[in-house]
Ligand SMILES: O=C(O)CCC(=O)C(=O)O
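Given as structure tokens, the chain that follows is alone and in the form predicted alone.
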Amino acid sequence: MSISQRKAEGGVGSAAAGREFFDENGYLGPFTIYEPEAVQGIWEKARIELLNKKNAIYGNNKMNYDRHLDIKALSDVVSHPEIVRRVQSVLGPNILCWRTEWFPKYPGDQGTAWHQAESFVAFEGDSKLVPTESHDGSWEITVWFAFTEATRETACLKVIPKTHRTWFFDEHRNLPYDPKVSMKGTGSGFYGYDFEKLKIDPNWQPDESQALHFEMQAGQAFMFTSRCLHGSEPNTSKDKTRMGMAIRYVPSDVKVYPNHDDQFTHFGEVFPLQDYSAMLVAGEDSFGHNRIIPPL
């Protein structure tokens, strides 16, 4: 089933109804942040700045994480009031953006297998997120922002609603990085990691008939808890690239990288943390767990 040009967030209107829908289904949206013409200008400017890694906190890193920390155009997206307001409706008033990641899908790329996350062990190491307060429901949110149009042909995001209530994958199970495992390989991999090895029940298979495919225009966003099964299909287009940015949010009580004193490893690269800060996009930080900065 494709979900395209939705008129309301998950079919609901008020903030309370939106929170209820999110708690029940694990997602909300898509919703429009910028019109396509406006986001095209933002993307044209940002993609040039992304090539200049002089001020990037991880240096000459091919994954190019967290560029919202040095590129104002990306900081403006991360802290956009229409995104932040929706995140607050689920996580509360005090919000940190702890990471941004790029998810391009080039013509011919294989799909990304179904997967889940919450504390983002991310295949190797320890939990990157540790809440210090109790939470009634989700305590992490990912906003998937479309810089280009995302369709079934170009591998839009897909989600199976209500699966955030059950763990099908063990995200705390470490996996070795293997560059031979990729989206162009088995179809179950993700840039060097094989999701099949994280299954709690090796024989379990997701019910693809329950999947929703969220087609989006450029400038739209989709919000979900990463505990909800999500993935994408192959990009079957001949000449269209799908470019998405995942924006990760947590409430300010969550410790970010508490067990990673100076670096973490991912995708075969080292990410030094000496210049890292979480970005306080709403409210206040009364906990002092993390080094924080305001939006640029």
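The numbering used is simple: start at 1 and walk along the sequence shown. Worth saying up front: this structure is predicted, and the values here are computed from it rather than measured.
The discussion below concerns the form predicted together with the ligand, not included here.
K.L.:
Mind telling me which stretch in 77 to 85, 204 to 212, 164 to 172, 103 to 111 gets its heavy atoms within 4.5 Å of the ligand in the predicted bound form?
P.N.:
Heavy atoms within 4.5 Å of the ligand in the predicted bound form occur in 103 to 111.
K.L.:
Verify the contact flag for T148: yes if a non-hydrogen atom of it lies within 4.5 Å of a non-hydrogen atom of the ligand in the predicted bound form, no if not.
P.N.:
No, T148 is distant from the partner.
K.L.:
Although the partner isn't part of this model, could you tell me whether W139 comes within 4.5 Å of the ligand in the predicted bound form, counting any heavy atom of the residue?
P.N.:
Heavy-atom contact with the ligand at 4.5 Å: absent for W139.
K.L.:
Is A246 close enough to touch the ligand in the predicted bound form, meaning at least one heavy atom pair within 4.5 Å?
P.N.:
Output for A246 is yes: heavy atoms within 4.5 Å of the ligand.
K.L.:
Would you please decide whether W144 lies within 4.5 angstroms of the ligand in the predicted bound form, comparing each non-hydrogen atom pair?
P.N.:
Taking the distances in the predicted bound form, the answer for W144 is yes, it comes within 4.5 Å of the ligand.
K.L.:
Which residue, H115, R152, H135, K197, is the contact with the ligand in the predicted bound form, using a 4.5 Å heavy atom cutoff?
P.N.:
It is H115 that has a heavy atom within 4.5 Å of the partner.
K.L.:
Which one, H266, R242, R67, R227, lies within 4.5 Å of the ligand in the predicted bound form by heavy atoms?
P.N.:
Contact residue from the list: R242.
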